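Take a look at this single chain in structure tokens; it is the form predicted alone.
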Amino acid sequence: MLQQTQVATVLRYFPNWMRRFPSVRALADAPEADVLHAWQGLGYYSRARRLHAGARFLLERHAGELPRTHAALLELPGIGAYSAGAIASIAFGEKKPLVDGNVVRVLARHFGLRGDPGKGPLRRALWQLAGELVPEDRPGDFNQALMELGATVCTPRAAACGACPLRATCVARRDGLVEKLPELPARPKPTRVRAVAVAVRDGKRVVLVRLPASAPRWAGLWTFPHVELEPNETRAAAAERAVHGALGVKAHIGVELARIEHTITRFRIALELVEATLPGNVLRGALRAEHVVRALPSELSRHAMPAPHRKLAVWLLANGGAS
């Protein structure tokens, strides 16, 4: 959970996750839909799928027990160099390094390392340096201290250099480079995307569709039928295309219900929700598909939905599901 997510956010999710999946077997045996539902709101849903796959891998290969060595940990789905180093050193006392954003910042500043830490040469140098520094004795404490130093003292902005235990030997402090290191590339501005979601009505209920595993975004999650608008495409035309693509039928498009904006990685999505209706016989046929459900606004939260569609579901509930 802590990969690409702040600790404060994880603290809100971890207790509920452990209540739902208190053991490796409980997680491995759970349907993917339940795993995604427990994860919704944390984003980067591939992490949840890898965690699920990792639990099944542990049952199949390790009798449900977590391996105790760095090499064996790397064989697990979703476990890379950072996670393996963290688990091996902190949980099992193995002399292995870890490098995250906080560690990158501390090492780059302390040793005056120039260049992009995400690129090959400096990235390899940082891992090598971290490996040389980690001690035989209490490697986990050392790694946690290094991360904590970056999180609380050697911060991205307004670093508390006067309180740093490494200030006497810090190259960046000596040379006035604290604000310039590490040399991270500028983040690109978010690409603006306009999209339309459709609340297909069946009386008081609305239709959700589950995206296939091959979907480029939100695979396996439940959403309102939706598409991104093509150049010069009208909202109504896009809504018709969304419904036809999801249900294979033609809809009667109604009025706009709500509009939200949501940022996902490098995209800023302006998402409009419009209502639509289908002839009763047509809708009943479409609902026979396994990837389609209809639910009251109060029932939508039972399904794992990505954040922007969950916001639209909340709007429907708050507004009685009516236009």
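So that there is no doubt, residue numbering starts at 1 and follows the sequence shown. Treat the numbers as computed from the prediction; the structure is a model and nothing was measured.
Below: the form predicted together with the DNA, not depicted.
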Stretch in contact, per heavy atom within 4.5 angstroms of the DNA in the predicted complex, of 252 to 260, 265 to 273, 292 to 300, 26 to 34
265 to 273
The DNA in the predicted complex: contacted by all of 14, 68 and 134, heavy atom 4.5 Å
no
Though only this chain appears here, would residue 142 touch the DNA in the predicted complex if you measure heavy atom gaps against 4.5 Å?
no
My question is simply whether residue 2 lines the interface with the DNA in the predicted complex - judged by any non-hydrogen atom within 4.5 Å.
yes
Contact with the DNA in the predicted complex for residue 94, defined as at least one heavy atom pair within 4.5 Å: yes or no?
no
Is the gap between residue 80 and the DNA in the predicted complex 4.5 Å or less for some heavy atom pair?
yes
Please pick, from 229, 126, 147, 164, the one residue with any non-hydrogen atom lying within 4.5 angstroms of the DNA in the predicted complex.
147
Hey, which residues along 226 to 241 are within 4.5 angstroms of the DNA in the predicted complex, non-hydrogen atoms only?
none
